[in-house]
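Taking the form predicted alone, here's one chain by itself in structure tokens.
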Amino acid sequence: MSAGRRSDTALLIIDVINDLDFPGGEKVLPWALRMVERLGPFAARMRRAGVPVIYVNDNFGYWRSNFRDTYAHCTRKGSRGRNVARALKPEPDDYFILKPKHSAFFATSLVPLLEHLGTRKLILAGLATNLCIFFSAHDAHMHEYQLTVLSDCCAAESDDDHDLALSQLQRFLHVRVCRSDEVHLSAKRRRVSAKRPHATKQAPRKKAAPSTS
């Protein structure tokens, strides 16, 4: 992995390397699979623009684990989240940080990494909107980072959970919530300039969930 060049903006991808083996995980799965269709290309676009992509992932209580162990665990045969994790596997130059709790900031090396990169603006995506995205956004706010949360690159168990979390972040933390196709980076300063979405709904319920086979 390269040392990484400085960038005022970074993309945090939270808990997508996930076996989804928790109560309600079966409800998250169809939304997570739809999320992949947008988050994968968005992350690729950020890499091309020179924006660091940082995976911050739960360690599932395995204190001796590393990234390879976590990835192998989540992509094992029979893992509910296998297809999501495989589709969003980090690239060699991405960063990967393990976390013990909900927030990407709690008891992790994220702040020193962001300081090393010169980052003050964060784009958040991943799982779940109302849990680890929500907690991470609150801690990022406490650290005074400028925040954008991608409404179409996050997922939760339901529209209600997803929408309520985003509305709370907008209302109380003044987080910018937008779709991934509304993020535009300046060639010189990589500024995030995005409109708020007309709606923050997850994919319509009437559509069938993608196959996991």
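Being a predicted model, the structure only gives us computed values, none of them experimental. In this text, residue numbers run from 1 along the sequence as written.
We do not show the form predicted in complex with a further copy of the same chain, though everything after this point is about it.
Proximity of residue 100 to a further copy of the same chain in the model of the complex falls within the 4.5 Å heavy atom cutoff. Contact between residue 161 and a further copy of the same chain in the model of the complex is found at the 4.5 Å heavy atom cutoff. Residue contact check for residue 118: none of its heavy atoms lie within 4.5 Å of a further copy of the same chain in the model of the complex. Taking non-hydrogen atoms only, residue 64 approaches a further copy of the same chain to within 4.5 angstroms in the model of the complex. In short, of 146-154, 36-44, 176-184, 54-62 it is 54-62 that has heavy atoms within 4.5 Å of a further copy of the same chain in the model of the complex.
Taking a further copy of the same chain as positioned in the model of the complex, none of the residues of 18-47 brings a heavy atom within 4.5 Å of it.
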